[in-house]
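The chain that follows stands alone, in the form predicted alone, written as structure tokens.
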Amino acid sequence: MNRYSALAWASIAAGLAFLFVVPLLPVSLPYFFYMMFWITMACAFNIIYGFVGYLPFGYVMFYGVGTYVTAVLWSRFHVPIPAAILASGCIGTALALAVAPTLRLRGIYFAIVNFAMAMVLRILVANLPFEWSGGSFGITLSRAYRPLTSYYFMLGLMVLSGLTVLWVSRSRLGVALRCIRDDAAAASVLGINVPVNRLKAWMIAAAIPSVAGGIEAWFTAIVDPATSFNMMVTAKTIVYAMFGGLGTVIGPVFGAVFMYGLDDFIWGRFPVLNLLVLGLMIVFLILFMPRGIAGTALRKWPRLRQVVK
């Protein structure tokens, strides 16, 4: 382990220790909860886009399914919240498996179809019987409201998502996924099972936001179609992950922390400019930093490869 790696691991340990004691400090609990939420979402998105090259514009559908599965199981079937959250991850993975045939598409075709599926799912949920989904008003989980417990659940999920990305990056699966991203036909010739490896990444990338949605529903204690299937969830996930650097381990984490802090600062002081800044950041990233912060740093200082990747 070189000094850069040691410094990175020490910084991560210090950050996790700080997040663990946040509830004891005179700081905003929701701020740090949502910072961990966006880190989790960015890490999960990195698996399917950063490593495989598939851009799911409808990525919010997994988060939305997670919120509703948790809310419905708890409110209608009296399932304990932790079990309901676990079930939301299973249902999200099953949904990913159900829509897996769309992985045969590439580029903008996959992105558009994925976006359409998210919109269809939102309409279906909003039009379910009121006794099930609460219609357009949604479901309230006020009796299950446990902000402190849900905070630590999100902390655990964030750590798990980060370790998952680290494992994927350094495993044979990660090598296979990068080959598929660069040239699927060549990867197939080399003996890589493209459909199976691609499906593994897709299911992992779906399970994490589904569980995150369940935990977030527990934290806010309210679920409704407009919020659960808001396309801004996808947009922010993409921007946060891209800013840090897709295809790297540490990039999406850094991007989520920095961009969420900037987003919160602007939203609190200049709410009208929030979307403008988000749009400008997208243009800036595409034109000047397509590899993100981590990718650009790696290109300039190759020694950071052990830290970034």
Partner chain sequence: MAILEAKNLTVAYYGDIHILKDVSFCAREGRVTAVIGPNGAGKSTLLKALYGLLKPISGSIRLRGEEITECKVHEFIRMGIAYVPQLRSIFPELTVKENLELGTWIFKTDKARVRDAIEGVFERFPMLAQKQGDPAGLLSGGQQKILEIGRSLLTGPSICLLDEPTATLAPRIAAQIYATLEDLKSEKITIVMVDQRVRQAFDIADYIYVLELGQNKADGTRQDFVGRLTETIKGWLD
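On a predicted model such as this, the values are computed, not experimentally measured, just so you know. Residue numbers count along the first chain shown, from 1.
Missing here is the form predicted together with its partner chain; even so, the following discussion is about that form.
Student: Please state whether all three residues T102, R106 and A116 have a non-hydrogen atom within 4.5 angstroms of its partner chain in the model of the complex.
Tutor: Per the other structure, none of T102, R106 and A116 touch its partner chain.
Student: So which stretch, 176-184, 84-92, 151-159, 68-76, is the one near its partner chain in the model of the complex (non-hydrogen atoms, 4.5 Å)?
Tutor: Flagged stretch: 176-184.
Student: Would you check, heavy atoms only and a 4.5 Å threshold, whether R172 touches its partner chain in the model of the complex?
Tutor: Output for R172 is yes: heavy atoms within 4.5 Å of its partner chain.
Student: Is the gap between P129 and its partner chain in the model of the complex 4.5 Å or less for some heavy atom pair?
Tutor: Result no; P129 lies far from its partner chain in the model of the complex.
Student: At 4.5 Å between heavy atoms, is S188 in contact with its partner chain in the model of the complex?
Tutor: Answer yes; at least one heavy atom of S188 falls within 4.5 Å of its partner chain in the model of the complex.
Student: Taking its partner chain as it sits in the model of the complex, is A221 in contact with it (heavy atom to heavy atom, 4.5 Å or less)?
Tutor: It does not: once its partner chain is placed as it appears in the model of the complex, A221 has no heavy atom within 4.5 Å of it.
Student: Which residue, M231, V239, I192, L199, has a heavy atom that falls within 4.5 Å of its partner chain in the model of the complex?
Tutor: Exactly one listed residue reaches within 4.5 Å, namely I192.
Student: Could you list the residues in 68-91 that come within 4.5 Å of its partner chain in the model of the complex, counting only heavy atoms and keeping sequence order?
Tutor: Sequence-ordered list is empty.
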